[in-house]
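This document opens with one chain alone, in structure tokens, the form predicted on its own.
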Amino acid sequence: MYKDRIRLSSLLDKVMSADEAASLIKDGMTVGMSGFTRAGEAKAVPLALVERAKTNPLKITLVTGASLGNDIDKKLTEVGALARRLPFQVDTTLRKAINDGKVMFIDQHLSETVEQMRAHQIPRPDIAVIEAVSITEEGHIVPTTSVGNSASFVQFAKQVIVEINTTLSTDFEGLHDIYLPEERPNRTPVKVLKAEDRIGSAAIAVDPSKIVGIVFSELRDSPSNALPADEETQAIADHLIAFLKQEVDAGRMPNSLRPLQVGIGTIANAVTSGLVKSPFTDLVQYSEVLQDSTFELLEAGKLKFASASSITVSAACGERVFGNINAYKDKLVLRPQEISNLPEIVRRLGTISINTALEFDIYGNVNSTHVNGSKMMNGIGGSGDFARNAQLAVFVTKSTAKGGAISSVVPMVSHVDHTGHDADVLVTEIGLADLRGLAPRERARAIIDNCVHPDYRAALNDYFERACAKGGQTPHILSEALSWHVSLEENGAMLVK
């Protein structure tokens, strides 16, 4: 069994147990681990590390591509093994530890983590732990369902552990396009001119002498936890599709639109699924993550190619796709996240970027990360990489939350991830606001009239009108601008009747 997965014979004697591999991770180390949006993370080794930490406490800095599955962040947090974590997470236990100040979390644009390592601005990994389907004759690593930051971790780390996942076919080889940018300041352009372009290699290059352990695993990726579309998310999709039809009719884009980037999560996935019944054809995706909606569009003949850094799908979709990867391989490519999210390429391709907001304000500033301005939710992810550089930057959210106690449209956001300069279109189930070419007062009018829930519209109108009476390019009443958030904190609702 080993020889079809480890094709360089000199590495066969590196096979060891997960416990033995975990023992190579020492207290204080920076660990670079594969994994992007609950896909392709190493599993057996970090879980063995959890068991070890129960009796031999240690703390590490854990750097990944994005979020992890299999409750790895949760379990590492529970045993106190995480000192620092970056650049993204979605786990509720880790989130609480972050907000309690017990784990230092560095929230980063996903294209920037390894760029900062390359420039020695943040520590490089002492050891990399990378999931693979196989190791080639050259000793190179063939990733699984994500690439993330794995290629750079392998390049920068002093030692490498490879975790081979035997639940996935070796047919995954050929799915990936591994390319790393050159060093600054003499970097040449990254020549991805179309989403389907391949400019790299099929495996992660590594000096075989750096591989200190190989572990076999039969643990699967955690399935996507995105929920099916509901009435509100369907309304958001309908508003956006109607808007895109108008863009096509006006001659601003072809019927194939522009390459689509879709953030992770229920709302964005539901919006993309809505394109199955749209009039658009020959769609292309240039994104970070491929979700169920990608494969719905492929199977419906609507999507002709998809590029990303990971595949995060439901159990049913995963069984269909991963069990027959050769049927999809000519329509997909997985890249390092600093390429999937590279601003140079995003701007060149002119993507339509659809990401989820926690809240936005009447001038179009967007909060993607912090509840009530202080408590971290997940992180900015790749939304900033795309929004600043997209042809069309779209943010979507339901107009209210917590049974109506929270309005997602507020006088002033409690935390800013994306300024109004980077938001072109805002959508709720109520409607859509096209902010392009509008001055702040015009933006406020478009947002209040089109996106705000009726229960909050009068209050926002009142605030805006009184703010305008005071004057200013972007009128505000500073003594009231965050009063809704204060009320939420003190009374459990933004507006107390």
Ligand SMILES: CC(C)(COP(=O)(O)OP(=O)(O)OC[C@H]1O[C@@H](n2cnc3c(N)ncnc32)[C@H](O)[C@@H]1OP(=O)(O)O)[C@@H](O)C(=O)NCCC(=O)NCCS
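Note that residue numbering begins at 1 and tracks the sequence as displayed. What you are looking at is a predicted structure, and each value in this text was computed from that prediction instead of being measured.
What follows is about the form predicted together with the named molecule, which we do not show.
- At a distance threshold of 4.5 angstroms between non-hydrogen atoms, G420 is out of contact with the named molecule in the predicted complex.
- The closest heavy atom approach of A401 to the named molecule in the predicted complex falls within 4.5 Å.
- When contacts are judged by a 4.5 Å heavy atom cut-off, P143 does not count as touching the named molecule in the predicted complex.
- With a 4.5 Å cutoff on heavy atoms, I264 counts as touching the named molecule in the predicted complex.
- When the named molecule is considered in the predicted complex, only one residue from L298, L283, I211, I406 comes within 4.5 Å through any heavy atom, namely I406.
- With the partner omitted from this view, the residue of V289, V427, I204, V313 that lies near the named molecule in the predicted complex is V289 [heavy atom within 4.5 Å].
- Figure note: of the listed segments 373-381, 114-122, 148-156, 195-203, the one touching the named molecule in the predicted complex, with heavy atoms no more than 4.5 Å away, is 373-381.
- Of all the residues from 338-377, those having a non-hydrogen atom no more than 4.5 Å from the named molecule in the predicted complex are N355, T356, A357, L358, E359, S368, V371, M377.
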